[in-house]
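Form predicted alone, single chain, as structure tokens, below.
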Amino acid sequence: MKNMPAGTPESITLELENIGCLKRLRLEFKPGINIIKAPNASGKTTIVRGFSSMFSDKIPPSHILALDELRGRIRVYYGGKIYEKVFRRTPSGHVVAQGDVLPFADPRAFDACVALAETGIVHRITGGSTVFRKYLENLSYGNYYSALIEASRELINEYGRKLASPNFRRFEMLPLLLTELTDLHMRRDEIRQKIEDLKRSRENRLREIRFKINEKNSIFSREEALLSQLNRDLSLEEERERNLQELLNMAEESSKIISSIKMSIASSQERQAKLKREIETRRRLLKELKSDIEELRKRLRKEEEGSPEIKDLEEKLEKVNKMIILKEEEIQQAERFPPDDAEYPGRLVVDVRSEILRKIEWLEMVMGYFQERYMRRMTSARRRFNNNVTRAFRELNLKGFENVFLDQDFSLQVMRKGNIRQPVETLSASEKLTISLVLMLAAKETFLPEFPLFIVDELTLSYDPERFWRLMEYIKRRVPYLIVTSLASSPLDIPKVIHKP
């Protein structure tokens, strides 16, 4: 049995003014069971919501102030002090709250200690939902870890999206771009080498042609000089023949002289014929040499004009040079952010990428750390919660239930006698309420052991008196103040509190 902590006040007084349907109400709650008796639509749930707003922020102010009121007030007398909260409707129609909260206020208290139809566990079980991960997260503060994990994951995803942006995609292509640039340089060197080889070959041909032209010119000059000499020799022989003919005409009838002159004439004519033949040969040779020289000069001019193959290669070289310039610009763009980039102006992409990868690595470590802490906290919370649920069912000795617990997936498992699992949605209304209240009490004892209140709002109406009082007495032994709303058997003017120590 759990005794009330030392120093617990004897009573808590609640005053409501213009709250819901209640114009003015004062109630006193004493240690033990406090049953608020009132007929339907007389403000029992309003009392619970108003009182809950003094120790939890889960009830919106607009759900507390009456619709036709501009101001309302809740005042609690506790531990010799007064705690007051004022509700005010703004000109825009919104309701705002200002004031105090009770010293034991806790944002988790509404979900663990106030059993309304809208409360987390009750709403889940009556609605057929059996997954309680989020519920335990909120109560054990595991949601702080899950929020940090989610924030880390979102940052990792954000950095991942950055690494997938065009600038980083271009950087990922950098090895390919550098390979392409290397290929272009190799192509350029290959074309240059071909051009140099062709030019060298052309220079060799030009030298060879010029040498042949010079050689032919030399031969032509010599042959031309020989022809000129032959022509002079022929002219001299012709002159000699004429002189001999004149001498023959003047010679006397001496046969000896005539015979000698005629022999000289015949020798001159023979020499002339030989010279003419030789002159003709020299002329033909000069003509051939001239033709050869002309042909060589044509070849020389053609070679000097340039080879079509070299021109084609030079055009290719120019195109490759332009491609190299464009590729180098593309590499520069891939290496650096644009100067006008909003986040990384002009920075090297490799530096930014390394920086982002370091951040991602750090965030993954942080996420892993908090995931481990989250799993430890949630495993511990589930274990302690299950222990309290098991103890409550054992001490209550409720027939029909062998075990009720949350499994590793935080799903509620209800086991009947013989360890037979029964789906939650097939339970009766009173069984669902019993499980809801036991789970809430276990949540309170697990996560808010010092919270002094437990409130049940009209959820036990379907109970038979024996089960109702067994459950209430059990809760009373574990909570200093138990507040239960119930329908009045006879009409009452205002809600009244019946106290059972």
Partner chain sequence: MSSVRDKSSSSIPYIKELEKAALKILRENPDDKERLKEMLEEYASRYSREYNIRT
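Positions refer to the first chain, counted from 1. Predicted model only: the values in this text are computed from it and were never measured.
Although not depicted, the form predicted in complex with its partner chain is the subject of the following passage.
When its partner chain is considered in the model of the complex, Ile257 lies well away from it, no heavy atom lying within 4.5 Å.
Under a 4.5 angstroms non-hydrogen atom cutoff, its partner chain in the model of the complex lacks Glu270 among its neighbouring residues. Contact annotation for Leu148: at least one heavy atom lies within 4.5 Å of its partner chain in the model of the complex. Heavy atoms of Phe370 reach within 4.5 Å of its partner chain in the model of the complex, making it an interface residue. Only one segment in the set 149-157, 196-204, 212-220, 279-287 has residues whose heavy atoms sit within 4.5 Å of its partner chain in the model of the complex; it is 149-157. Listed residues Ile121, Val414, Ile360, Leu275 were compared with its partner chain in the model of the complex; Ile360 is the one with a heavy atom within 4.5 Å. The partner is absent here; in the model of the complex, the one residue of Asp233, Glu364, Glu315, Glu208 having a heavy atom within 4.5 Å of its partner chain is Glu364.
Along 329-354, a non-hydrogen atom within 4.5 Å of its partner chain in the model of the complex is carried only by Ser354.
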